[in-house]
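Below sits a lone chain in structure tokens, taken as the form predicted on its own.
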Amino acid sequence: MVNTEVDVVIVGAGIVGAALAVRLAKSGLRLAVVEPVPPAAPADTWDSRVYAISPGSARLLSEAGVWQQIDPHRLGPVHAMDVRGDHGARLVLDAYEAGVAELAWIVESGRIQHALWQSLQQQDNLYLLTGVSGVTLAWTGERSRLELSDGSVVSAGLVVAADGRPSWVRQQARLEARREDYHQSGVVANFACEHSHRQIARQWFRADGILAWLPLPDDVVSMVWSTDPVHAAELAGLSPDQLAARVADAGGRVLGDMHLVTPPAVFPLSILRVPSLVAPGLALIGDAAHGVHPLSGQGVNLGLRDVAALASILLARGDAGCGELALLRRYERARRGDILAMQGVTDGLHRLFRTRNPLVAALRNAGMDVLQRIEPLKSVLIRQALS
């Protein structure tokens, strides 16, 4: 049996968990990262799962030396966002008008994960424990004891749960989590377009759901169509040519003909509310701490802001132990407002555009038109998108 003693053990090395470890590379803390399935090297083909990385998140990754490792030819800058209501309403957010270079970057999940993984493998203050998972986890006094599937044991002052929405760590700590099913599915796929997307992200609030096209390099777009499960299954069952035609038609053929370049994938949509983000010796980050509707594309940015907050507090802890509850409460207070606000906005928009009440429909579309004409309010939206 191998016993490892560290200051912080991070369970889960997805984007958020790995980013926290990299952010703490020069902290002087002894770290361990537990990851059952290390990411594979990205292929030359397009990854069907992409993220809209805000400038704030890109800055965090750049300061950790990770952003520079991503192939710049695989980064899709967003210079504008064009949002359409279901009755002709329109809202356009433009980077040039806001005085910034871009509103976001569209990046394949595999590219970010690979860059982070390369950094982890070179990190001196880190034990990288791969191919194993947690079996038991208990807290005694100021330390935790994590037994892994290979029989080894990790003892830590702080356990960070970065193991996704189901979060085995959160369950071991018996922290409450409330999942609400939206009774919708997200359909994702990538398409090559006849016309240039001009680095514009497009989104339509339609009667059959929310359709988004996110710009990737080489005039490829990543599509996310949030819709009811029956419609999602229908879309996934179409032939490649039929699906491409359906998606092009749904967007008014603004990019001309489309050609499917990655097969569609379908995943269920839900919101996850976690009342407590911390306990003695434990902190939750990323999808273990919250879940939001994908219509805003802000889920991963929310998680990276968790990373920034927790790392900042650990780096400035002084003589306090990493797992002290008073210290971790500072992290919870720092993150609670942002999480609740993002969940409120995304959940509210989802419900607002799902209702078929004609009065509500008229009001929501009128609201978009008013917002389009009030520059200070648009500036507030852009500042939120940039964080």
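Quick caveat, the model's predicted, so the values are computed rather than measured. A residue's number is simply how far along the shown sequence it sits, counting from 1.
The form predicted in complex with a small molecule exists for this protein as well; it is not shown, and the discussion that follows is about that form.
Checked against the small molecule in the model of the complex, the residues L61, L328, L31, V50 give one hit for a heavy atom within 4.5 Å, which is V50.
Put simply, of G251, G85, G281, P294 only one has a heavy atom within 4.5 Å of the small molecule in the model of the complex, and it is P294. Note that among 271 to 279, 164 to 172, 120 to 128, 312 to 320, the stretch whose heavy atoms approach the small molecule to within 4.5 Å in the model of the complex is 164 to 172. A residue is said to contact a partner when one of its heavy atoms sits within 4.5 Å of a partner heavy atom; G299 meets this definition for the small molecule in the model of the complex. The small molecule is not shown here, and in the model of the complex it never comes within 4.5 Å of any heavy atom of E108.
Using a 4.5 angstroms limit between non-hydrogen atoms, D338 is distant from the small molecule in the model of the complex. Although the partner is absent from this view, G286 contacts the small molecule in the model of the complex, with a non-hydrogen atom inside 4.5 angstroms. The candidate site formed by G76, L216 and E234 is entirely out of contact with the small molecule in the model of the complex, as no residue has a non-hydrogen atom within 4.5 angstroms of it.
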